[in-house]
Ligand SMILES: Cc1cc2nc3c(=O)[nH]c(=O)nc-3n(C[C@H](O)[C@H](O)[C@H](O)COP(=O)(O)OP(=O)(O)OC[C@H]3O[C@@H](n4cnc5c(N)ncnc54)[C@H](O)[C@@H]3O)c2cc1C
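Presented as structure tokens, the chain that follows is alone, the form predicted on its own.
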């Protein structure tokens, strides 16, 4: 597959459906720069939002400023999440240190220290571009910020292959959404973001722009961005959740993607559910932090498959296989990467309170409430679950991996949630525990895709099953059945020994 928009003179931008105005203010013709407020799509390529900022800067003949900030007081802020984010910021600082673009990486040393920084840059800018992201505190933060400034603020969607605004409502399940994709996605597969827009465009040099702003809010030093243990220990964040062994940043993401495409992709369809096989992509932490784009992942897979859009099938039957025109394993992977991942993004886009009990399907809430009084052979309080102190060695191993690495094998993540539902005294309490443990420890927590998994445990995007105690008509899972279905010997040897009661 040929790299999209690889010509050196490219000066384009995303289609209009990816651009959402957050206020009614105009572009200020006499502004000194174009500001890209990088909050979710934290990467310098394959990024529709960056493309839009470059487009503005080129059209207005203004320098480009990239503001990437890391707050101290965001929910679940910890050494783990901070270190991963700082890896990406350090990479950006090195890449941009000698170019025309002014990169301002700002890290709060105390909660609230960065207050006013965005407004200060917006006061000297002609237009602000930021990232459209439908979850966590980001949408509210952006709306409040856009209302405070007198220039146009645009949020640009680079979340998935399908622009979120191409949908008018959330979907109830993967099947109808897959049919929608089969009817509508083809045109978007030939409109990829640029792999390297900063090299492709002729941008004005920022020079010493914003010196007073940078004196008031100093850019993070190379030492701070390096995120040593000593540096992290001095920040006002949760120090009980230590850094994960996985490094953040686009280089690490691409290395992981290359390893998966070369070794795991053709095994994915048959072996992805086996923890001992290591056939899953394990790319979700970098997708969540925006260090790599789903567009780049798709392009890499398509290139490996020798694919072109002409191979798309014309049928829109909602089937999981046969539409893409790739190998069965590649199509299985793309169903997870595109159908299931973007199903969650679309839902969060249309349902702002997507993490609340009341957004579950009525049938799921009703059946779980009716079975809430059912006797439970085992119950655990949140502290016991956090500590992986249950009677179940498979569950304990999954929780231990989550605490240690910030990830859980995809199949075991489903079992992890189902057992929390079974072991909590009420399904509402189970939802709270799942959100807390996932968002505290998982590198891909606080993400629409994470909420898809959590709410699927409780019935969202699923159908009713034969009624059972505790679960009602919600799908159940057991550790015994899991051990029969998948290979776990090596996994339990690594994560199960010496943990739990």
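Positions refer to the first chain, counted from 1. In this text, all values refer to a predicted model and were calculated from it rather than measured experimentally.
From this point on, the text means the form predicted in complex with the ligand, which you will not see here.
Q: Out of the stretches listed (246-254, 188-196, 329-337, 89-97), which one is close to the ligand in the model of the complex, meaning heavy atoms within 4.5 Å?
A: Single hit among the candidates: 329-337.
Q: I'd like to check something about residue 68: if you look in the model of the complex, is any of its heavy atoms closer than or equal to 4.5 Å to a heavy atom of the ligand?
A: No, residue 68 sits far enough from the ligand in the model of the complex that none of its heavy atoms falls within 4.5 Å.
Q: I'd like to know if residue 459 sits close to the ligand in the model of the complex, meaning any non-hydrogen atom pair within 4.5 angstroms.
A: So residue 459 does not count as contacting the ligand.
Q: Taking the ligand as it sits in the model of the complex, is residue 39 near enough to touch it, meaning that at least one heavy atom pair lies within 4.5 angstroms?
A: No, no contact at 4.5 Å.
Q: Look up in the model of the complex whether residue 410 has a non-hydrogen atom within 4.5 angstroms of the ligand, and give yes or no.
A: Answer yes; at least one heavy atom of residue 410 falls within 4.5 Å of the ligand in the model of the complex.
Q: Give me the residue from 63, 45, 472, 453 that has a heavy atom within 4.5 Å of the ligand in the model of the complex.
A: Comparing distances to the ligand in the model of the complex, the residue within 4.5 Å is 453.
Q: Just give me the single entry in 287, 220, 135, 430 that has a non-hydrogen atom within 4.5 angstroms of the ligand in the model of the complex.
A: Selected residue: 287.
Q: Report yes if all three of 282, 438 and 445 come within 4.5 Å of the ligand in the model of the complex by some heavy atom, otherwise no.
A: Spot residues vs the ligand: full contact, yes.
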